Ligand SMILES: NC(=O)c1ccc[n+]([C@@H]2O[C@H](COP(=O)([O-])OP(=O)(O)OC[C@H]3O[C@@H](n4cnc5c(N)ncnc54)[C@H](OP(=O)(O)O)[C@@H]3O)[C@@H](O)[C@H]2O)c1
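The chain below stands alone and is given as C-alpha cells, in the form predicted on its own.
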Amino acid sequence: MRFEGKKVLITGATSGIGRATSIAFAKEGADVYVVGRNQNRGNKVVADIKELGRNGMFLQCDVSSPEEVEKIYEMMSNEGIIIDVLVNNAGVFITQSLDDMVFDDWSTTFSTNVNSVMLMTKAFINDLKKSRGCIINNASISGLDIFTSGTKNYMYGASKSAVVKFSKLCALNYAPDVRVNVVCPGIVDTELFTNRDFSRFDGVIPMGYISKPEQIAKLIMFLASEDADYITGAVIPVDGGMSLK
C-alpha cells in the first residue's frame, strides 16, 4: 500500500499502459483520476478501481486541447483536489515514410504526444509543488538518442524525443519540489498495434518476448514511490534489451 491516501491523475488511462497503471495504483491504495476520451471505457476502468475499494473518477478530456485541460483542472481545483502524481501517458502511434507523410498526421502526433504533456504539466505543476509530488512521462525507446530504427518512424520518434527533452528541463527547473522522470517502453502488447502479427519482431528483443502493460506499470509505480525519492530527470528504457541492439 505504497500510495495509501495519494491522488493520482493518469492520461490515456482507458486502455493499454494507462489502464494497467490505473489499476496498479488503486491496488496499492491510491485514488485514481482516469483521463481519456472514451466514456464507456473510462467508466469500466473506474468500476474496476472501485471494486478494489478505492475512489475513482473518469474525466473526459482531449488532453491536446488547452481549453479541455483547463476545464478539468478547474473542476478538480473547485473540488479541492490536489494530486500527488501525474502520469502523462496519452499517445498515438502513426508511422509513415517521408515520401508518404501527411502533415495532418504529423500535427496529430505532436498534438497528442507532446502538446498534451506540456498542457497537463503546466496546468498541474503548482499543485504538484504543494504536494511535493512527481510526474512520470511515457515516452518510448524511439525517443532515445541511442536508438534509431525504422524507415517510417519519423513522427513517433521525433515526438517522443521531444517528450524526453521537455521532461529533463522540467526535472531541472522544478527540483527539489517536483520529481520528473521518463519511462521508455519498447514493444508492448497494447491496442496501439493494429497489426497483431508480432512475429515480425522475432529476434529483435534480447529477452525474447513482448512486454505486457503491467510490466510498464511496475516501473511507473516505482518512480512514483518513496523508493525513488532521490531520482529525477531519469530516462529509463523498459524494453527487454531492445535498445541495446
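The first residue of the sequence shown is number 1, and the count goes up from there. Just so it is clear, the structure is predicted and the values come from calculations on it, not from any experiment.
The following text describes the form predicted together with this ligand, which does not appear among the structures shown.
Picking from 85-93, 169-177, 145-153, 124-132 the stretch near this ligand in the model of the complex, with a 4.5 Å limit on heavy atoms, gives 85-93.
When contacts are judged by a 4.5 Å heavy atom cut-off, residue 187 counts as touching this ligand in the model of the complex.
Not displayed here, this ligand is approached by residue 17 to within 4.5 Å at the level of heavy atoms in the model of the complex. With a 4.5 Å cutoff on heavy atoms, residue 41 counts as touching this ligand in the model of the complex. Contact annotation: residue 214 falls outside 4.5 Å of this ligand in the model of the complex, judged by heavy atom distances. Of the residues given (63, 26, 46, 182), 63 alone sits with a heavy atom within 4.5 Å of this ligand in the model of the complex. For the stretch 219-245, the set of residues having any non-hydrogen atom within 4.5 angstroms of this ligand in the model of the complex is empty.
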